[in-house]
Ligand SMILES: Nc1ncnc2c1ncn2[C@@H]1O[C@H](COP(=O)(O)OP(=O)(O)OP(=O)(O)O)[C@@H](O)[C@H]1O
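Below you'll find only one chain, the form predicted alone, shown as structure tokens.
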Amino acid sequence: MLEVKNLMVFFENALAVNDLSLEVKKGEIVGVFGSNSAGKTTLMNTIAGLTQHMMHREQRKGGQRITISGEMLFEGEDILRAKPSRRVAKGIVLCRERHPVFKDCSVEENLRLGGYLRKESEIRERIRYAYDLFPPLERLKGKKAGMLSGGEQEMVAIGMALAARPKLLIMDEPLLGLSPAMQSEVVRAVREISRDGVTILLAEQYARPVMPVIDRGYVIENGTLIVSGTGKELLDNPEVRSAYFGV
């Protein structure tokens, strides 16, 4: 479904992603693991098109602060230069880190905004899906999102991403700052979303909670791929297990 080949991302003279290649097959849950500042968010943003958007914005100002090279194929189509809106229309949807929501809008208004490219009937269906996936959201649907807990905001953020009907759902550190109980709830949702036919690429710093659900994983340091393999293969690697899985 997604092929990233020899991806390079520079911010001025800083190398954020270094000759990185990865693949996500249809129906998989694939993890990208690494420490803080390893390049995970830059990779996720580049796949979603946000880095390209920033690059074009800098170019319009007369600057050349961001440079991107390599190949990126989605369902066989080259998308490296595609706009973020084009990627969303094709089914690539990013759920960004730190559960970004429209804080002055209600929960249901946030979910509606997530589906702005879809028909009204699809939006209603996806809102219903979000409430079924996260039952607490239905009783909170009229409450302003900014008044919710971090875990509740993460549910809203995931629901917003799902409202766009993703084929590939990109999740950037969905467990960041959540309690262990809420982490388990999000991992449960990831498993259920995958069973409903959505392919998932997720990035996490502390990988242990998501290891039971991933099919394959990539570990990166300083923007460079250092090891990849199945979940079992990564857990069997003592250095990886100690550094990233807390075991």
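From 1 onward, residues are counted along the sequence shown. Everything quoted here is computed from the prediction, not taken from an experiment.
We do not show the form predicted in complex with this ligand, though everything after this point is about it.
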#### Entry: Contact at 11, 54 and 65 by this ligand in the model of the complex, all three, heavy atom at most 4.5 Å
yes
### Message
Using a 4.5 Å heavy atom cut-off, which of 72-80, 94-102, 162-170, 118-126 contacts this ligand in the model of the complex?
### Response
94-102
### Query
With the partner left out of view, is residue 194 within 4.5 angstroms of this ligand in the model of the complex by any non-hydrogen atom?
no
### Query
Looking at the partner-bound form in the model of the complex, is residue 42 within 4.5 Å of this ligand by any heavy atom?
yes
### Query
Would residue 179 count as a contact of this ligand in the model of the complex, using a 4.5 angstroms cut-off between non-hydrogen atoms?
no
### Message
Residue-level question: is residue 16 within 4.5 Å of this ligand in the model of the complex, judged on heavy atoms?
### Response
yes
### Query
From the list 200, 38, 48, 214, which entry has a heavy atom within 4.5 Å of this ligand in the model of the complex?
38
